[in-house]
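The chain that follows stands alone, in the form predicted alone, written as structure tokens.
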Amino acid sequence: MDEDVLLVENLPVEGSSPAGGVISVWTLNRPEKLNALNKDSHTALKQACDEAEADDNVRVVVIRGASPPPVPEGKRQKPAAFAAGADISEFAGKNSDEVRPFFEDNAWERVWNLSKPTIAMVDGFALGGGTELALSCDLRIASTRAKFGTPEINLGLIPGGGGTQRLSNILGYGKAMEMVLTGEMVGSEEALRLGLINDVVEPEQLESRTMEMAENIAKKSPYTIKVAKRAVRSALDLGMSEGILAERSEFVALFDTEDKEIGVQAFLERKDAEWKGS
């Protein structure tokens, strides 16, 4: 595996509690291929997920794409990309038996199942598997030049990394069907209007806006954040009545945690909470 296909940097969060909290920034690092996802990308992402899950200091994960490298004068500059889909060269000549194991143990589901909050920082193209990776994250912040799409239909395929399901949950049946059947791209402003992304900013503001949100979340109680993510996710799997019962159960159980009492007392005393993480 190419060890440089994913760069991981843990950035300290000042004022986090318990102390030592970091934001783990993962950079897809195949800029010459517009950060297209290949087998090595998936292996590296799955390993990063395992390490982040096991590290209590990791409070938030941010996933981004590497910027295009500079080119000699007179040469055409490659566009910005979060991940411009899958590496299609790996599809050629493969049959269902050969691809099934890869898709049954893929990075999209591993990112989706992280207990830590995840943010996709999308600059430029997020197509096919790139859109699916962004959808596997909890939050998505995009630049004004971001473009999303599921062009698999043009290859005689459909999205295979959860795209049909997550798009339907976020956009609704009609718009999800339109994106999947036409393969057409959606710009950042329309993506914001549709609820596909949480915010859109100019490219030069993308990193600061993303890190601002990540730091906000990272300073909360890490235990309560996990519970909150689990409760919101239950809305996707349960009906309204069961979901409300699940939420109530999570809420009531938090009254037995140290962090509930710390948070309540900090509010009453008008001071910052010093979380214990339990």
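Predicted model, so just to flag it, every value in this text is computed and none were measured. One-based numbering along the sequence shown.
As for the form predicted together with a small molecule, it is not shown, yet the points below apply to it.
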At 4.5 Å by heavy atoms, is each residue in 33, 86 and 152 next to the small molecule in the predicted bound form?
yes
Within 4.5 Å, heavy atoms only: does residue 167 come near the small molecule in the predicted bound form?
no
Contact label in the predicted bound form: residue 145 to the small molecule, heavy atom within 4.5 Å
no
Using a 4.5 Å heavy atom cut-off, state whether residue 185 contacts the small molecule in the predicted bound form.
yes
How about residue 127: is it within 4.5 Å of the small molecule in the predicted bound form, going by heavy atoms?
yes
Partner contact check in the predicted bound form: of 136-144, 203-211, 114-122, 152-160, the stretch with a heavy atom within 4.5 Å of the small molecule is 152-160
Which residue, 174, 101, 195, 79, is the contact with the small molecule in the predicted bound form, using a 4.5 Å heavy atom cutoff?
79
